[in-house]
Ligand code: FUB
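Before any questions on binding or motion, here is one chain by itself as structure tokens, the form predicted on its own.
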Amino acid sequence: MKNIKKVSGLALLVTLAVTSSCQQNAKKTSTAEMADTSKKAKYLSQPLISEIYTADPSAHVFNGKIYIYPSHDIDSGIPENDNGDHFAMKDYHILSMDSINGKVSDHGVALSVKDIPWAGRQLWAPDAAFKNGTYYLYFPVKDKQDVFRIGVATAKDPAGPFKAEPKPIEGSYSIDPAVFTDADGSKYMYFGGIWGGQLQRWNNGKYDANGSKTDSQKENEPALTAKVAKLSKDMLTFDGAVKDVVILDQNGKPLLTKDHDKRFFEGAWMHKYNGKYYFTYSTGDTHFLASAIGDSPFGPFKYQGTFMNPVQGWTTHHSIVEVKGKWYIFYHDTQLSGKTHLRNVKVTELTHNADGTIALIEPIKK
């Protein structure tokens, strides 16, 4: 595996602690060191809630209210390892707020792993969507063979509780589902995550249990990338084949595996601005959020650069949403705990530049 690249300042001290919302593989840093770093940090924004640990926030506006669908971090007591077993989330709590910076409500358990018939363990980063009076919660969880699949659960209230379908979505795999609704009502799911997310173990839709733990053996080849599939009208299946999300450099060439500062790693999100499709994602082992812009929800997308520098923690996982004419990014860091597997969600304003790119966000003030 390629050694993690250096990042400057505070982020380096903490990102070496181990894994992301969904990922892992880093050198360990002592809890004392992380706690000391946390005390010295000057954060751009503050945690939305502190009663529970939350991460990977997918935000949406439903019925004029902001709903946030995060992971629910717990201290499971499982030792940290390269498979991310210590990210042993067991349920989801849905949060809501009437306005940005308003009071945040925790609506309690919306879905538990014990209520998913096919699930084994590890409820990682979810997302949600709405259609025809029903809310859909999309979630990755390992099945009873320890393979990540993506499931769906439904409810009549955006805060749940949700009831899971008896089987995962056929043709789904890996982690980090993100659902985008286009202007014509069509819905698309973006998904995938490298390393612990198992994306590198899939080839032509088939899982290789003995496949590589990482993708670093192919540094000079086009990088593994996210997947995209159109959702069917019933929102429970894919309508057509799963496709690659192709990200091109400024010369029109696919990003390579060795482009660790630019390539896709995990945490895909899609939003639309001025008629363009913005595919945003985490670079994972180098801890940036990056953007790529295209003319279709299927891409291809041209890489535009970094729009968020590293947070305190291993990496970040975000969502971007428009609220009353302004754009906001929801993300997480480790301000409350100083531990990479016990995170807290945050929000700050996001700005699109005149040239269509996204203005750089510094989550830690200098």
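All values reported here derive from a predicted model rather than from experimental measurement. The first residue of the sequence shown is number 1, and the count goes up from there.
This next part talks about the form predicted in complex with beta-L-arabinofuranose, which is not shown.
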{"item": "Any non-hydrogen atom of Y138 within 4.5 angstroms of beta-L-arabinofuranose in the model of the complex", "value": "no"}
{"item": "Any non-hydrogen atom of L231 within 4.5 angstroms of beta-L-arabinofuranose in the model of the complex", "value": "no"}
{"item": "Partner contact for W124 in the model of the complex: beta-L-arabinofuranose, 4.5 angstroms, heavy atom", "value": "yes"}
{"item": "Partner contact for F87 in the model of the complex: beta-L-arabinofuranose, 4.5 angstroms, heavy atom", "value": "yes"}
{"item": "Segment that reaches beta-L-arabinofuranose in the model of the complex - one of 169-177, 251-259, 291-299, 152-160, heavy atoms within 4.5 Å", "value": "169-177"}
{"item": "Partner contacts for 329-347, taking beta-L-arabinofuranose in the model of the complex and a 4.5 Å heavy atom cut-off", "value": "H332, R343"}
